[in-house]
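This document opens with one chain alone, in structure tokens, the form predicted on its own.
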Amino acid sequence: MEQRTLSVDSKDRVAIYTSLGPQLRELLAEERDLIAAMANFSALLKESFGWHWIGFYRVVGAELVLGPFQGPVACVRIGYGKGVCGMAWQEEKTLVVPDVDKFPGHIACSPHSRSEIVVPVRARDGHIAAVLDIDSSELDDFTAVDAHALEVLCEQLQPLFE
């Protein structure tokens, strides 16, 4: 069964992201467990936007390893520089992909994923410790609005990473 992204325009997204900041701060206020924090972070975004897949890949050695997520089963390991996630890790910057079929080396974990955004998450010392990966079943579903807002939200996880 194909899941559809909630129809949310740019103005509404700004309002949703603005409301998510305080909610996430409250969820993380007393939380010290990184896995629990990433799980609630993923769930909060899934409930707010309804995207096809939302989750984290953690940097473990020379690869990204699947962490907490919301959505169907996913690829477990991704190499450095491989696919959108590995490329965002390598380039240390957020990547917005309007059409995953046009991204060289895209790793297709689901036929329902049409567009993607990947946000690197930094640890306290500044190195990339994980990436937030979001797939939409809609083409061209992510903009600079999403990139900026998700980067700001991900900063709230930084104190939990070693």
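One rule holds for the numbers: they count along the sequence shown, beginning at 1. All values reported here derive from a predicted model rather than from experimental measurement.
Omitted from view is the form predicted together with methionine sulfoxide (SME), to which the following refers.
Colleague: Do all of 13, 20 and 44 end up near methionine sulfoxide (SME) in the model of the complex, with near meaning a heavy atom within 4.5 Å?
Modeller: None of them does, since no heavy atom lies within 4.5 Å of the partner.
Colleague: Tell me, out of 123, 107, 36, 27, which residue has a non-hydrogen atom within 4.5 angstroms of methionine sulfoxide (SME) in the model of the complex.
Modeller: Here the answer is residue option 107.
Colleague: Test of understanding: in the model of the complex, would residue 83 fall inside 4.5 Å of methionine sulfoxide (SME) by heavy atoms?
Modeller: Result yes; residue 83 sits at the interface with methionine sulfoxide (SME) in the model of the complex.
Colleague: Is residue 57 close enough to methionine sulfoxide (SME) in the model of the complex to count, meaning some heavy atom within 4.5 Å?
Modeller: It does: once methionine sulfoxide (SME) is placed as it appears in the model of the complex, residue 57 has a heavy atom within 4.5 Å of it.
Colleague: Even though the chain is shown alone, can you say which residues of 129-144 have a heavy atom within 4.5 Å of methionine sulfoxide (SME) in the model of the complex?
Modeller: The stretch 129-144, when checked against methionine sulfoxide (SME) in the model of the complex, contributes 133, 135 at the 4.5 Å heavy-atom cut-off.
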